Structures are given as C-alpha cells and as structure tokens.
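Next up: just one chain, as structure tokens, the form predicted alone.
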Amino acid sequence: MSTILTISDLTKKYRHADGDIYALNKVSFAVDKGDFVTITGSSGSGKTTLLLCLAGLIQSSGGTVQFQDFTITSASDSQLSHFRKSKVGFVMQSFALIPYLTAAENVMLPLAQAPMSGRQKQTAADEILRLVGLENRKNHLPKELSAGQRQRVAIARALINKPELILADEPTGNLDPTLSTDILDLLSTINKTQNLTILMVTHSPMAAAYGNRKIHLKDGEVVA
C-alpha cells in the first residue's frame, strides 16, 4: 500500500484569557491509499478540527499535513482551493443540498467550472446517481427525498469530481439506525470497489466499526 496522507505533529491552539487551548496537540498518523479511517472521540476532542485542517479549511498552529507530494499546511489559498476541487470530496451531517435544485443538479454543482458540455455533466451525474442507487430519483427535489436518499445525493456529489480522498463528518448523524447502516454499507462498498480513501469522523461505535483503521482522540491527542 502507498501512503496517501501523512500527518506529523499537527497542532491547533486558540488563544484564551485563561491560557492557550489546544484543539489538536501534536497529532501524528499516516493513511494508506484505500484505507477507511474512522476518527472517534467525545465532543470537543478535536475530531472536526482535525478534518478541517486536513482539508486546508482552517490553518494549523504547527506541524505538517502532506497529501502525496502536496503540503497542505504551507499551501496558498488558491492552491488549497484547487486541491479541494480536484482531490477531495466532502460528506456532511447536514447533507448541504440546495433545496430548489434536483438531485442531478445538486450532484453536478462541483462541475460548474469544469471544461465539459452540459450533456457530459448530465451523463456523469447519471452514472454517479446509478452508483448510489438513485438513478430513478434524479429529477426529484431534496424535499421529495427521504433523509437516507438525501445523504446518497450528497455522497454522489462528493464523488462527481473523481476525488482521491473523501472527508466525511458525522455522515450518519441525522439518520436512524437502519438508514445509518445503509449509508455506511454504501461508503464501505465505494471504499472497496473504487479503492477510494475515506476519513470519517463519527461518535457512533457502530459506524466506527466499519473502518479498517480506527483513531481515537481525547483532548486533542491521539490516544488509540
């Protein structure tokens, strides 16, 4: 397996009148291509901060994050924007779908500036929606879809640019146990069939069990 992501002594601290608060404190680990990494920890342990630093959405206070030969922690805003558009797909707890766009139109959003014709974009969306089992719902608005279907649309949108890394923040947080299992099974299938690397933050032990690598954070530090 080749290493795709290397995190070394990653630190994020915030100034406070009572002293510095460390959201992350010298976090280090490596991720191989095709890993399904689950990140657990209690509220305030640093899980979401870690994900945001890996995406270059917030700046760390120290340490490095390396994605292949690209150093996320020292990149410019324009370089980070290109990195996120071309290499990373995001899946959020809240789905973050545009309510007045159909499932297919939501999925095509990341292709807005891609050098593709409208027909090519539609074909790509159709293929991805078929992958997540929603080809017969492509013209439905989010309000016409179940919570599980909305999350499948969000996953399809994350996949449309053919990313090498999926960052998922509590993707089953708004779903009941049955729908959660459906979404986790889908992510696991995508991970295995596409050899797609996934890092998933979760508070659920059941969801964490899906990972082939498990990282537990406590007070901003890796403890397991």
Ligand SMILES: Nc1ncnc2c1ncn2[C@@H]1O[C@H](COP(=O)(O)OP(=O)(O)OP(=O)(O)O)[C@@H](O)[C@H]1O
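Heads up, when I say rigid core I mean the largest set of C-alphas that superpose within 1.5 Å between the two forms. Sequential numbering from 1, following the sequence displayed. Keep in mind the model is a prediction, meaning the values are calculated, not measured.
Beyond the structure shown, there is the form predicted in complex with the ligand, which is absent from this document and is the topic of what follows.
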Are any of the heavy atoms in I21 no more than 4.5 Å from a heavy atom of the ligand in the model of the complex?
yes
Is it the case that H216, even though its partner is missing from this view, gets within 4.5 Å of the ligand in the model of the complex, heavy atoms only?
no
Using the partner position in the model of the complex, report whether K47 sits within 4.5 Å of the ligand, counting heavy atoms only.
yes
Using a 4.5 Å heavy atom cut-off, state whether T178 contacts the ligand in the model of the complex.
no
Within 4.5 Å of the ligand in the model of the complex by heavy atoms, the stretch out of 25-33, 48-56, 155-163, 61-69 is 48-56
CA of D9, rigid core aligned, shift of 2 Å or more between the shown form and the other one:
no
